[in-house]
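Next up: a single chain in structure tokens, the form predicted alone.
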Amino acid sequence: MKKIVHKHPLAIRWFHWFNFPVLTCMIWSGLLIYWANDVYKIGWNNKTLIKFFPEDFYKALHIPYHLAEGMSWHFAFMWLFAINGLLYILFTIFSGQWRFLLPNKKSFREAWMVLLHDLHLSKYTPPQLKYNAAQRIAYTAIVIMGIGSLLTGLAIYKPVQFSRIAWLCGGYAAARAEHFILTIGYVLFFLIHIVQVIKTGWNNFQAMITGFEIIKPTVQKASHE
């Protein structure tokens, strides 16, 4: 007989799905701003291995020449991003959901086991309650990243008015670099998240929509003596 297991409260699902388009718009508008001074690259001296981003990238997505538009959208969605994030943190604290999300002293060791299992290098299935150790670390990290994005964003936007925050970030140039690195981190997190969702299947995906999973009974083979 099938079993219904309640997994995600309505608030968690709302914060999750609301944050997706908001963060997407933040990244897109951030690209419009970054185009005005795209200084970052991976390389050394005059040697460039990877440039963020090639000219063809901007032309293909019709990104250039929209600095003012990008700033307007970025600041508008920044408030939605910040408010949604704050409400998420408050809900997890007062609802007790933080118990399922925060890593514990065993999480980093168990997260390594999760990685080996996902790469099919180990048949051992790591222990899991609502989230496995790798998810707990990742979901906690993404909250910290969100706070970092807000602080570095304020330091870039008003370095004089928010001089203490700018100093905390290491100055304007450091805050801008940190803001950019955090954005790359969001993209990587999103890509890994999508892969994991596809890997775990429809049942896990629908739980983030409906709030529950339908667990099918396992078929046990009859033993013959």
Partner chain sequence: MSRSSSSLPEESISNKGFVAKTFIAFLVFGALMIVGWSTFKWINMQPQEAGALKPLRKTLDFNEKVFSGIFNANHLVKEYPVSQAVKRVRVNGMDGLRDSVNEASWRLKVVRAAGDTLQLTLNDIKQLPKKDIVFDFKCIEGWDQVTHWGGVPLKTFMEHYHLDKQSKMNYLGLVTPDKGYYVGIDMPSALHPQTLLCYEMNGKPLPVNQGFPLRLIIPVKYGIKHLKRIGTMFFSNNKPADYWAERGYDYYAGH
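Being a predicted model, the structure only gives us computed values, none of them experimental. Positions refer to the first chain, counted from 1.
Keep in mind that the form predicted together with the partner chain is not shown, yet the notes after this line are about it.
Contact annotation for His179: none of its heavy atoms lies within 4.5 Å of the partner chain in the model of the complex. In the model of the complex, Phe212 approaches the partner chain with a heavy atom inside 4.5 Å. Of the heavy atoms in Tyr88, none are within 4.5 Å of the partner chain in the model of the complex. Among residues of the shown chain, Asn37 is one whose heavy atoms approach the partner chain to within 4.5 Å in the model of the complex.
Three-residue candidate spot Asn45, His117 and Gln135; no residue lies within 4.5 angstroms of the partner chain in the model of the complex by any non-hydrogen atom.
Interface residue among Phe94, Trp79, Phe108, Tyr124 relative to the partner chain in the model of the complex, by the heavy atom within 4.5 Å criterion: Trp79. Site annotation in the model of the complex: the residue of Ile198, Ile192, Ala173, Leu49 reaching within 4.5 Å of the partner chain with a heavy atom is Ala173.
Scanning 46 to 68 for heavy atoms within 4.5 Å of the partner chain in the model of the complex gives Leu67, Ala68 in sequence order.
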